[in-house]
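In the block that follows, a single chain appears as structure tokens, in the form predicted on its own.
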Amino acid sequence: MTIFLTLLHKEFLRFWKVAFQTVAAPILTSILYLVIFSNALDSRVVIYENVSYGAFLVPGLVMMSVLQNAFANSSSSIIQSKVTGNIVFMLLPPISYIEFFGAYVLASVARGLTVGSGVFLATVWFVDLQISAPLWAVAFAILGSANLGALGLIAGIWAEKFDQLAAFQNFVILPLTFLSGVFYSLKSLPPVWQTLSHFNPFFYVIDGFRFGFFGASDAAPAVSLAVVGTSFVVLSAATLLLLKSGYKLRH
């Protein structure tokens, strides 16, 4: 347990020591998204009755920040340790692969929720926003960040250099995030794109989180929670299998 807590503390300090870059920068980016998109589209787009487009946008921006930063935390930590060669110092101590997984995912959740909370506090002043079902919002925030923390571990283990990790983030994480309904409702899309969007697991995280604010969503929140929960089980199993086998870690 002591080794697990030490590793967790190390991973937490890794992003907190450079909070200006890992926390403040994503908050500023989200504020810019909100200011630009809400000013440009607020009077032209109506998603829910009595809900401005700016208010609709805030939960999406919060969850987008949570997901991207949770992924960045675990993936960058693993690849950095592999490239510099200090991964050996985390593999030698008598820590189980389950504890290893738990420390990295919990640290990713911590960073995701920290950034998400900062985005919410910074953007909520620009719109009139109420939280309809806070427990739903918290559940999707935690599960969403845990999913991306596990996916970040998989990406970090798979990648052998920073270029490969950047490619994974640019060609997988970024498209899935932007096509998940952050800036729009699924109902505004043509039928073909609506169908394709249902195969995007990020959509269920965004949609379920938004339900926590407005009590309305494109998919039933229970269905979204089931999809997100199942995704976490699958990603966790895959990550634990990679850690147990030592794939691209012990060589």
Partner chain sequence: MQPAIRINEVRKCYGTLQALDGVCLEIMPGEIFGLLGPNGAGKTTLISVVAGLARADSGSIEVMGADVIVEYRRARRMLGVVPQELVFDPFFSVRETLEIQSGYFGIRKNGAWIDEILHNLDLTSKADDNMRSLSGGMKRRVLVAQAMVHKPPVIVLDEPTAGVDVELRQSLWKFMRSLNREGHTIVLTTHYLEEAELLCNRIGMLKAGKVVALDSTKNLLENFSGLYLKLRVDCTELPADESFHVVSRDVDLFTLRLEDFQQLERVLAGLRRAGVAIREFELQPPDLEEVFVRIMNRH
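Note that the structure is predicted; figures quoted are calculated from it, not measured. Numbering follows the first chain given and starts at 1.
Omitted here: the form predicted together with the partner chain. The next part is about that form.
Heavy atom within 4.5 Å of the partner chain in the predicted complex - residue from Ser117, Gln164, Ser132, Ser96: So the residue touching the partner chain in the predicted complex, by this definition, is Ser96.
- request: Check each of Val172, Val124, Val88, Ile142 and return the one that places a heavy atom within 4.5 angstroms of the partner chain in the predicted complex.
  value: Checked against the cut-off, the match is Val88.
field: Ala237, heavy atom within 4.5 angstroms of the partner chain in the predicted complex
entry: Although the partner chain is absent here, Ala237 would stay clear of it in the predicted complex, with no heavy atoms inside 4.5 Å.
query: Is Val18 close to the partner chain in the predicted complex, meaning a heavy atom pair under 4.5 Å apart or at it?
result: Val18 belongs to the contact set for the partner chain.
- request: Evaluate Leu13 for contact with the partner chain in the predicted complex, applying a 4.5 angstroms cut-off between non-hydrogen atoms, and reply yes or no.
  value: Yes.
- prompt: Which one of these stretches, 106-114, 143-151, 156-164, 77-85, sits within 4.5 Å of the partner chain in the predicted complex when only heavy atoms are counted?
  reply: In short, 77-85.
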